[in-house]
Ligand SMILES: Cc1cc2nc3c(=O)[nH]c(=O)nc-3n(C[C@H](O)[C@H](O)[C@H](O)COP(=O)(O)OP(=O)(O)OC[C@H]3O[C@@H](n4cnc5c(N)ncnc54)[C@H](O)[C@@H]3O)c2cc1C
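Quick heads-up: it's one chain on its own, the form predicted on its own, in structure tokens.
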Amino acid sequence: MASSEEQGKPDLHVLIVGAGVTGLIIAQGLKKNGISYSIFESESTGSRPRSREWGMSIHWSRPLLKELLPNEILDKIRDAQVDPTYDTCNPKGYVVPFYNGKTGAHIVDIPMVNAIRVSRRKMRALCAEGIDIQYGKKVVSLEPSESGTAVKFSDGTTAAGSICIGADGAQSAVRQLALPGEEGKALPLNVVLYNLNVSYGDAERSKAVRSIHFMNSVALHPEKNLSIWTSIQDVPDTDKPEDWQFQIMPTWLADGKTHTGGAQGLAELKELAVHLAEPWKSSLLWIPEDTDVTYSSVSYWPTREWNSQNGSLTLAGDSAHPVPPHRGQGLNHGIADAHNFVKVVLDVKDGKKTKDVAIEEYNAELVKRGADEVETSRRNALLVHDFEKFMDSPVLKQGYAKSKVK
């Protein structure tokens, strides 16, 4: 399987902590380049689907996937899309239309160039093909070792390798071990977020909700500090709209109330619906009572330097730069991290750079780019909930393009 010790030099072995999409893309990139690795996941099994599902937009980072993924995976990216019928060869991508959620008036179209939108669940399953994931591995400590670093897990086992890269999400255990105390902890953002996967079970209702845009739209309410992201999430059959699934993500500025999701959360969303224009009003009122309504805290971490332990410790993806979702940047930066990391490890393998120099170069670029995006996305998440200031938000000024880091 994919973590075979025979690949690459026997003294160069990468430990990947976290088998989300970013960690799996790193594994695929290392495997493609003949570099030895192991990948660990804290979840107990891969057979149980993650309870939360959402779509992820891939746009400015798409060209990098060709260098990371084997052709047999790239050829199946289309099937990982929320709507597999969308033409992945369309370089123009599509726009994200913004509307006044109170009146229904169109505000602006923001291009998402060269974009595809993938299901988190499908993309994770695709990138896991051919990868030997070790499950039930919760990290408890990191220590220097003769080979470079040793990772100890809660089950009492230890893994040794040349480099450990934490790709274990916004609440990263690896990051908090690298930066103990408050420095490594994600910070709460004063935004309420509900994430729902909705199947209306009715063809006409599904078509009505999708009528604004075939892929996604955003409604902003000028008085409620409210944003509603609506996206198609799964199209099993284009001819059966009753089976379509949608991702609906209402967010608003923190209001001092306690939000728990479930039946209480659904009632709260249906109360909000009466203030909305169509189709957003009905998109909330029509939500079936048995829908899983998940409340999520929104957090961020201002990316900063950490001790790389002589090139033995680094981060990637949401572990390195967790951002609010309103500018659609998370996975794109994770893919950029994967590309840059595989590139520098390949330099080490080929003897072009020492491990400490290569990882320090990787970290320096990541910290600069990550810090910029975290602040940009943090500011954007606040401004999209202030209708009067929306026109100054990064998503309007910069769109969904990669920031030009100075």
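In this text, all values refer to a predicted model and were calculated from it rather than measured experimentally. Residue numbers here begin at 1 and follow the sequence given.
The form predicted together with this ligand is left out here; the points below concern that form.
Visitor: Heavy atoms, 4.5 Å, this ligand in the predicted bound form: which of 267 to 275, 69 to 77, 132 to 140, 155 to 163 makes the cut? Say which one.
Guide: Residues of 132 to 140 come within 4.5 Å of the partner.
Visitor: In the predicted bound form, does each residue in the set 23, 56 and 117 place a non-hydrogen atom within 4.5 angstroms of this ligand?
Guide: Yes: each residue has a heavy atom within 4.5 Å of the partner.
Visitor: Within a 4.5 Å heavy atom cut-off, is residue 149 in contact with this ligand in the predicted bound form?
Guide: Contact with this ligand, no.
Visitor: Answer yes if any heavy atom of residue 33 is within 4.5 Å of a heavy atom of this ligand in the predicted bound form; otherwise answer no.
Guide: Contact with this ligand, no.
Visitor: Just to confirm, residue 361 within 4.5 Å of this ligand in the predicted bound form by heavy atoms?
Guide: Close contact is absent here: in the predicted bound form, residue 361 is far from this ligand, nothing within 4.5 Å, heavy atoms only.
Visitor: Does residue 375 reach this ligand in the predicted bound form, with heavy atoms at most 4.5 Å apart?
Guide: It does not: once this ligand is placed as it appears in the predicted bound form, residue 375 has no heavy atom within 4.5 Å of it.
Visitor: Going by heavy atom distances of 4.5 angstroms or less, which of 293, 209, 331, 126 would be at the interface with this ligand in the predicted bound form?
Guide: Checked against the cut-off, the match is 331.
Visitor: Let me know the one among 217, 247, 227, 81 whose heavy atoms come within 4.5 Å of this ligand in the predicted bound form, would you?
Guide: Result of the distance check: 247.
Visitor: Pull the contact list for 18 to 45: residues with a heavy atom within 4.5 Å of this ligand in the predicted bound form, in sequence order.
Guide: Contacts from 18 to 45: 18, 19, 20, 21, 22, 23, 40, 41, 42, 43.
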